[in-house]
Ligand SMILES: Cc1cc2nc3c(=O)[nH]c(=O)nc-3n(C[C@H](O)[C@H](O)[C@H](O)COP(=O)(O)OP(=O)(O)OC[C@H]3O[C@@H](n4cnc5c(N)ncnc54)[C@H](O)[C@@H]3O)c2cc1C
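Read the single chain below, which is given as structure tokens and is the form predicted alone.
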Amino acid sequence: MSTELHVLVCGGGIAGNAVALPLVRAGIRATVVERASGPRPGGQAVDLRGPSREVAERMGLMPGIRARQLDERGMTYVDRTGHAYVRMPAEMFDGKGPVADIEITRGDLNQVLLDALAEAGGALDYRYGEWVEALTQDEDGVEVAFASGGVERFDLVVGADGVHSAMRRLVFGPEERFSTYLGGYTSYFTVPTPAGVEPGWMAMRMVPRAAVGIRPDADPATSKAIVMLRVDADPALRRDVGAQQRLIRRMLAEAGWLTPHILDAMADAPDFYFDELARIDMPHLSAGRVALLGDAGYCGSPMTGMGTAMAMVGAYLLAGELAADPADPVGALARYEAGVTPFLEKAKELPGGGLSMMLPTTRIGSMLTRAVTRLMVSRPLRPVMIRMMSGTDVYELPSYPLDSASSA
């Protein structure tokens, strides 16, 4: 089946590709524009659990995901000497804890989606090194001006371009209207795997106001470093990599463990990432014929661990509503918002009180957090923790005609 509907997707990450795939399978014409010059490999591990895993299964993505999933067996908390004072095997919380039973790098999951798009064929136009500079819309469509100088018309535009979404800014207004600073910053980058790291295990070291960790990568020769900092917002840090790295060095100076190795490798990391921990809340997910998807519309911050889940579930619902009634795209956007909102309300909840509980400001507070962490893994409290970590599992995904298209 094919339709006359033509959808522009802004952003070639997980959210953008996850909505483009079921659209083209359903016979809907899709154009995807991505500002980067090509796919971005690597990145931090993301997980699939509950409804997001069901979406991956319905889209037929699980064979590709299984082939690329990480060997990540659990998580440990360590002291300054590297001694693990808490161990959380993935199975401890039935695969619903900090480490799920399916972990995959962000880049690999995106490649699985790109491979599926290549196999799907259909009316797909994929453009790297391109982005939207301006747009105007009326009752019948959206006229888009691209950075390359072209002007084209689309029936619908989807902004899937991340937490600092340019599409959101163009259509809904400045980022500060919708972004809430959550009290700190996070950083990720690749480092050579340190000697003594336990294969397959993620390890975290907590100190007052900061945390540093190591987790497995797809290549055993490298690992992914994770840094979290509790600090007042500083606009001067934006795009100043030198200032960002100086802040990290200062706040982790006394952390011990593998921190010197991580800090030594940081300056040469090819994929150094640093950004504020922020939450995006929109009064509505669409305006006219423009919709927001994933972090662009509902980032809960990395602390929720649900960014990929929200992107996958949102993409599935948006594509499903458009495929169900392509003659009424505006109505489909309203149904998408109504359908995804109950899931988002649960998925955006911060675990355990947010950054103030995760990163206390004093050594006494850190000792209390360590005691609470030990208590979390005690046998009597495990059922309670599983219930807390399974809040989105009660969400029931709707079924759409595109489910049969993905299995064809």
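One rule holds for the numbers: they count along the sequence shown, beginning at 1. If you're wondering where the values come from, they're calculated on a predicted model, not measured in any experiment.
The following text describes the form predicted together with the ligand, which does not appear among the structures shown.
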| property | result |
| --- | --- |
| Arg40, heavy atom within 4.5 angstroms of the ligand in the predicted complex | yes |
| The ligand contact in the predicted complex: Ile14, any heavy atom under 4.5 Å | yes |
| 4.5 Å heavy atom contact, Gln44 to the ligand in the predicted complex | yes |
| In the predicted complex, Thr308 touching the ligand (heavy atom, 4.5 Å) | yes |
| In the predicted complex, the residue from Asp217, Glu198, Asp155, Glu130 that sits within 4.5 Å of the ligand by heavy atoms | Glu130 |
| Single option in Tyr336, Tyr77, Trp257, Tyr188 placed near the ligand in the predicted complex, where near means a heavy atom within 4.5 Å | Tyr188 |
| Which of 326 to 334, 205 to 213, 288 to 296, 243 to 251 lines the interface with the ligand in the predicted complex (heavy atom within 4.5 Å) | 288 to 296 |
| Candidate site Gly184, Ile280 and Pro360: all three near the ligand in the predicted complex by heavy atom within 4.5 Å | no |
